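Here we start with a single chain on its own, the form predicted alone, put down as structure tokens.
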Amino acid sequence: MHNKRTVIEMRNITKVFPGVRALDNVSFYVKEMQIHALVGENGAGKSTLAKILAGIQNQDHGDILLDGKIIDIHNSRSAQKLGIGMVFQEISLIPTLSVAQNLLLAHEPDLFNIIVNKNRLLSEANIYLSKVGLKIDPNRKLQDLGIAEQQLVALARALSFQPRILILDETTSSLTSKETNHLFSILKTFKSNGGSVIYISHRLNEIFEIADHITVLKDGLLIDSDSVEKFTIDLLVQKMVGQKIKKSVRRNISINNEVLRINNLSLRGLFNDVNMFLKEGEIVGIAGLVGSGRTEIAEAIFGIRSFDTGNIEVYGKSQRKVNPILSIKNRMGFIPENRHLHGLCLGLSIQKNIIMASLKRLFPKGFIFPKQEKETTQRFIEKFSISSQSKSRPVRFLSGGNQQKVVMAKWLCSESKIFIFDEPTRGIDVKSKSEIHQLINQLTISGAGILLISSELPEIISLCDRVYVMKEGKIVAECCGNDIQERNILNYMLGANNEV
């Protein structure tokens, strides 16, 4: 690797936001045919560095060199023209447009420079969708896809510009192990064809599987940069967080009364004849590939999505029709897969986000008392160790881990006793992940029942008492006790075992 030439170099990059020095004199380089991992806690500066290179933000100080020559990246379009493509952690596409329109937006094939050539649009879209292994109708609206499928469309779009340098920011955070392996094969092909990759991920095992070189950032500073062989996972964690991470351990608690039961729930085209139950003090996992119906069944249970047949029992009371307001009354909380779109009001303060699901309980007469609001919010900020200079700070300025804690605090503030966690540690750093695992365990000790959806099988295995496995909209297995093993679950997900 040492004899390869440097393709992109960032020298002494500094970026300051109001009250925060996101990057402090950071230097970073990527060589040709190299997969270079950029790691650090949330708030370390990784995404800021990547966005500067992709033309989303401008540095306050420092230079960027391409092939040894200083370049000026004005915006994302100029970055694309220079051969730099980026896939963001949060989907940055247009949900109301079709997959094909999103994929080739701003460089659609046309007829006589006048109108879009629809036939070529669809055929070219299919070419790039096939490159990322996505078998979907390119006429489908983006908003009708799951978040993992949307992420793959974003990757296909980045590849459609034929970049020399590809930046991936937490692209695998919604992918299962099978889909991640397919992504890795795409990246290896891209690398072998002369491309370079900047790979940002909190999944450290992936770093050691795919990367050639690792750069560590912490609090906007460059901590270390070396070949992957010079690191171990323990050393990497120590450099990222400065301390050892407390691992979650399986709880030793009693599991008591049933709090939730799903009876023969069906929604045409998404899930069929789903049966499951949940008891207080229990963590029940829902595992499956993207498109298996995991998120859709969770949304139906909470009332975000309607269902055709079946019913839901909450504390033994049948609910034929459900909606979020009724679910909140039933002391149910939903931590969604996409916290930006469904979990938070990004422009509102930490304080407003925490109490928004509890307004009727806290202020039944409709009058908000500022002192009570502040005291309530402060209690949850301390309980969840939410890092911020002020309760009035808009949540959009928080790191991913702190944003997720705000979503959890919102539902705990509402005195929920049934929680649905959909990818609770998606896109957050190892320290925040450990803290959230501990909070999940604490909730069950206090008697809460939890449904946990995760694409990370080690997370499912370490936390769950039982696991339902879904495939193509159906529950194909229920794993308990010693059967909760990665091999068993994966076999059911892939259809290698007989359905039960």
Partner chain sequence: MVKDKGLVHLRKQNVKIIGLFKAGRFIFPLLLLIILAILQPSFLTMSNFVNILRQSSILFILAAGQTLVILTEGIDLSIGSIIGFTACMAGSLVINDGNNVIGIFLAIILGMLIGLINGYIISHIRVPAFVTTYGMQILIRGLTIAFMKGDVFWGFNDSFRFIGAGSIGAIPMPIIIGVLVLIIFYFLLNYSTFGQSIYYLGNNRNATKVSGFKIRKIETIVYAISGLVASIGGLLYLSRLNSAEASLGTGFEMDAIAAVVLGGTSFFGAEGKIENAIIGSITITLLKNAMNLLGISSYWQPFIIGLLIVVIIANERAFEKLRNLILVRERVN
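Note that this is a predicted model, so its numbers are computed, not measured. Numbering follows the first chain given and starts at 1.
One more form of this protein should be noted, the form predicted together with its partner chain, which is absent from this view; the next part is about it.
Comparing 439-447, 458-466, 27-35, 59-67 against its partner chain in the predicted complex, the single stretch with non-hydrogen atoms within 4.5 angstroms of it is 59-67. Using a 4.5 angstroms limit between non-hydrogen atoms, residue 403 touches its partner chain in the predicted complex. Residue contact with its partner chain in the predicted complex: residue 194 places no heavy atom within 4.5 Å of it.
A residue is said to contact a partner when one of its heavy atoms sits within 4.5 Å of a partner heavy atom; residue 356 meets this definition for its partner chain in the predicted complex. Its partner chain is not drawn, but in the predicted complex it has a heavy atom within 4.5 Å of residue 325. Shown here without its partner, the chain carries 16, 340 and 397, all of which come within 4.5 Å of its partner chain in the predicted complex through at least one heavy atom. With the partner removed from view, the residue among 140, 331, 393, 120 that has a non-hydrogen atom within 4.5 Å of its partner chain in the predicted complex turns out to be 393. Proximity to its partner chain in the predicted complex, defined as a heavy atom within 4.5 Å, holds among 344, 198, 274, 129 only for 344. Heavy atoms closer than or equal to 4.5 Å to its partner chain in the predicted complex belong, across 358-379, to the residues 359, 360, 363, 366, 367, 368, 370, ordered by sequence position. The gap between the Cα atoms of residue 56 and residue 407 is larger in the predicted complex, by no less than 3 Å, than in this form.
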